[in-house]
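Below sits a lone chain in structure tokens, taken as the form predicted alone.
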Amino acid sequence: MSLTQLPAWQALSAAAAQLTATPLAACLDDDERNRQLRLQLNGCHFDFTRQRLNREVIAHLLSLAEQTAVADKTRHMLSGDVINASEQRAVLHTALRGGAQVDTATRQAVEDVQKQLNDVAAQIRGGRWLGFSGKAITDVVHIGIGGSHLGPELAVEALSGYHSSALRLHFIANIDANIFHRVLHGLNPETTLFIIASKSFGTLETKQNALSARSWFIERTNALAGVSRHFIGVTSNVPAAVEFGLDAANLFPMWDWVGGRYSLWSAVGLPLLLAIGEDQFSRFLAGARQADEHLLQASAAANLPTLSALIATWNYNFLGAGSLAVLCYDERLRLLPDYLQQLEMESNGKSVTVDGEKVDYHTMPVLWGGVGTNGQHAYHQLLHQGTRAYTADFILVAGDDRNMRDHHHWLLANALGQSQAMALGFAAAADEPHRHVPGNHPTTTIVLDELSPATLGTLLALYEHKVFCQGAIWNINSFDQWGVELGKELAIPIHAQLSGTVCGEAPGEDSRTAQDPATQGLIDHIKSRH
């Protein structure tokens, strides 16, 4: 039976037609409902009370979780079964933090690599890792893209208050040369260490940036042999990394059962380990492990990832929400929307089921967002008085780490006021229609007790599991990304035309590959301006 034919789906369709005529404010009058929609785990408080649903809808959603076997699929994932069918892989990123039921050999391999990472990090942090000229490392440049970049950069910035080393950490992802030059400007090659994170060691952007970094280093030091002391690799393609010039002893694995956007918990997280040290990194992993245990053990009604995914399904498939805004009321979390864009949209932006059948329902909408209160003076106008249906996650931190209470109270007050306005709106007088704010927009508010390694680990892992549960409901594969490859493949012949070498012919010859008229016109225009 297809998803849209399930009894729970049919019941939700009928309930949506009725509930759209009910103001969200009326839902808030139900105290029992409100208690049911307030959940917490490890210092992360989730308040779903401003979602536009009642107890009847909640019951139908929980039936949907049962009818789509979310709990069974969870056990399959955490047991190491091959759930990534299109690539014939298990999905075991949870094993990196001890949250999966894996065989002894896998568990031992994970522990061994973590010990090696801790040892290398201690050497670098303690000034014992010396460059080719005998000087200690002062700057670390992490080169990756997508999952091997977004997670580490987010975590390093979010946990800036826990940095316990003088190391300066930098990140390069985009192939744009302006980023490369901005990051490396002023760095001393004798005291700079590069981390190259690429599962295949062939990803275009990472490979090009790594080659440029190696050239930058050699040109300034004339020390080809020094590459092995200034470059560390995180990859599953050891031969390619060694050919590049990396010492095999300085390579850390990315197992095929870890997808890029789930790799922060692996050696890809080395920048965070360098920043906060072994003890705090262990707390980060432990926070994520609590989310894993919660996913496996909690009933659907009290299961944060399951409930989050069910409510998202309600918003996207029944209330017509076309986007999810992630509104972070803490500057340290400014990169969280970027991270979640990849996590949610690359995972669940699919149009076929795990069986290859075309879906007849919407899957993941556009995820976007920013930092409050800046956003209030930019796009919140559209959120309050625009015509599009959306949902939003507000993320707050209760603790005041900077001891500036007035600043912090105003920040929190604005977050609560904005979410209140989205829910309740404002009924303007008949002669002032321009002041009318319709409200009835569903939002979730997440309050962290503090922004610590443990709470951040829990929060990110809960979002990971929400993505998994969402894919389980929609019957799609959340762990492949075939659509990403097409544009990369099409870029190859375009690059050949731009660089003047097509099909092996000499530079400068006017040969062309078969391009559509629009693309060829743009290529010709760009070449005329070189």
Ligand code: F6P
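Because the structure is a prediction, the values reported are computed rather than measured. Residue positions are given as counts along the sequence shown, with the first one as 1.
Same protein, other form: the form predicted together with 6-O-phosphono-beta-D-fructofuranose (F6P), not shown, and the subject of what follows.
Checked against 6-O-phosphono-beta-D-fructofuranose (F6P) in the model of the complex, the candidates 323, 385, 342, 116 yield a single residue with a heavy atom inside 4.5 Å, and that residue is 342. In terms of contact with 6-O-phosphono-beta-D-fructofuranose (F6P) in the model of the complex, the residue from 380, 261, 93, 289 that brings a heavy atom within 4.5 Å is 261.
For the chain shown alone, residue 481 is a contact residue for 6-O-phosphono-beta-D-fructofuranose (F6P) in the model of the complex, at least one non-hydrogen atom being within 4.5 angstroms. Of the heavy atoms in residue 411, none are within 4.5 Å of 6-O-phosphono-beta-D-fructofuranose (F6P) in the model of the complex. Taking non-hydrogen atoms only, residue 146 approaches 6-O-phosphono-beta-D-fructofuranose (F6P) to within 4.5 angstroms in the model of the complex. A residue is said to contact a partner when one of its heavy atoms sits within 4.5 Å of a partner heavy atom; residue 199 meets this definition for 6-O-phosphono-beta-D-fructofuranose (F6P) in the model of the complex. Screening 450 to 458, 200 to 208, 356 to 364, 370 to 378 for residues having heavy atoms within 4.5 Å of 6-O-phosphono-beta-D-fructofuranose (F6P) in the model of the complex returns a single hit, 200 to 208.
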